[in-house]
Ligand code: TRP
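Shown here is one chain on its own, the form predicted alone, set out as structure tokens.
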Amino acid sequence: MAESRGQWSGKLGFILAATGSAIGLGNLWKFPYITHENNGGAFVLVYIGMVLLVGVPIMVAEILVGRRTQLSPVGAFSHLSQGKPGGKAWSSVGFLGVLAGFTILSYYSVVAGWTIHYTYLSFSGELSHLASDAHALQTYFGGEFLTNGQQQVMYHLMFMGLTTGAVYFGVQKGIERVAKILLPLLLLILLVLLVYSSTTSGFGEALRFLFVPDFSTLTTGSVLEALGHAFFTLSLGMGAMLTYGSYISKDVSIPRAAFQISLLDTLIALIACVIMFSIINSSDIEVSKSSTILFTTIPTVFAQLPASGFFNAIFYLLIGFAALTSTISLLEVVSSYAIDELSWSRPRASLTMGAVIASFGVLNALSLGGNATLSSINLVGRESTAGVFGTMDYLASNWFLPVGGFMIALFVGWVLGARDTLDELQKGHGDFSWFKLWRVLIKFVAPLAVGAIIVSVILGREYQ
């Protein structure tokens, strides 16, 4: 089965692809925002703690399930649940992961498509002209751009085309090859922007804000926010890590790989914070929660600094590269289901699933102002989720992912036997001296933590 499905060429290919899956808008926009909202330093330490106590254990569990079965999410849970309490009902956890991948990709690719347009505007010089007037740029983005249904659909389809192309060529020749090119480029661009930010007047203030903790500023809400983001940022609960884990060989250490992926993801989020806060602190602007800060506020800030056109261009290339490595993993989750469960060839699976998701994504693209009916649909009764786009984002972020992560933790912690999990974790690793600690985390800490996210959603808190 593993041979026909494909495998990574080695540990590096898996690490880069999985890190690419984890890195996205959550690192480059949301983490800087919530860090700002929660007063920096102490929040950062709590967040790192949550990554170690919740994120890494669940990632280990997902990769373990994938490699042990060499199957996509549905098949993996169906296979491992045979003769276990709950039986084949556990395969619904796999279906939830596939549904999450489908849903998230259908709207994520819309936002990712904006990076294509903004990269073009940067190179053409038009963005620098628009950004010279903050009001003009906001009016352009919120009016002329978002409400242009043709443009929204076109860029969405372009990004889906890039995503589908990578998945079409398979694990090594497609996904891994793209990751080996884009991840080093992404890191290089980050370093360029980091060096650039170090020359700004706000650099020192940014470092103090991020790395000098003041624990008196911590609240229960801050801890919950750190917990929620630690879970979401690592692409957990959607079957991506499970699917990627199904392509690794037995000589790769799962615990080391999970730790390295989490470390890279966290490091990139912190670098993004330094860059964003240095640049923002160098100008007189407010940090906004809206994801549109990337497309309205940031260009305005760059416009006040030297070489604005160049740095705008590499900034949007960075965002686009990060988004592409994430969208590839989402499509792979859905495609691997068709390959394993429907016995489709990879070309058929990637092209068909890519086309179906792209078609559904058109509804999301048009719901941002291009179509009045789609913009007004609200299936969950919350003001912030108006439109097809908002509804899909709310359902995936607040229900599909946390419920999926919660069930994975329960399954690996309570349904799979300790002997089976230890056997899998020792392959490629040797004696796993941290096994008992990991078992405590995956059986008790992770389910309780992710359960707290679900309870907070029920009580009215949203993760978007």
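In this text the structure is predicted, and so the values were computed from the model without any measurement. For every residue, the number given is its place in the sequence shown, counted from 1.
We do not show the form predicted in complex with tryptophan, though everything after this point is about it.
- Under a 4.5 angstroms non-hydrogen atom cutoff, tryptophan in the predicted bound form lacks I454 among its neighbouring residues.
- In the predicted bound form, tryptophan stays beyond 4.5 Å of every heavy atom belonging to L121.
- In the predicted bound form, none of the heavy atoms of G41 sits within 4.5 Å of a heavy atom of tryptophan.
- Residue contact with tryptophan in the predicted bound form: I279 places no heavy atom within 4.5 Å of it.
- The three residues T69, T421 and Q426 each lack any heavy atom within 4.5 Å of tryptophan in the predicted bound form.
- Residue in contact with tryptophan in the predicted bound form (any heavy atom within 4.5 Å), chosen from T296, T391, S326, S197: S326.
- Residue in contact with tryptophan in the predicted bound form (any heavy atom within 4.5 Å), chosen from V334, I261, I175, A240: A240.
- Comparing 432 to 440, 403 to 411, 52 to 60, 22 to 30 against tryptophan in the predicted bound form, the single stretch with non-hydrogen atoms within 4.5 angstroms of it is 22 to 30.
- Residues of 101 to 130 that come within 4.5 Å of tryptophan in the predicted bound form, judged by any heavy atom, are I104, Y108 in sequence order.
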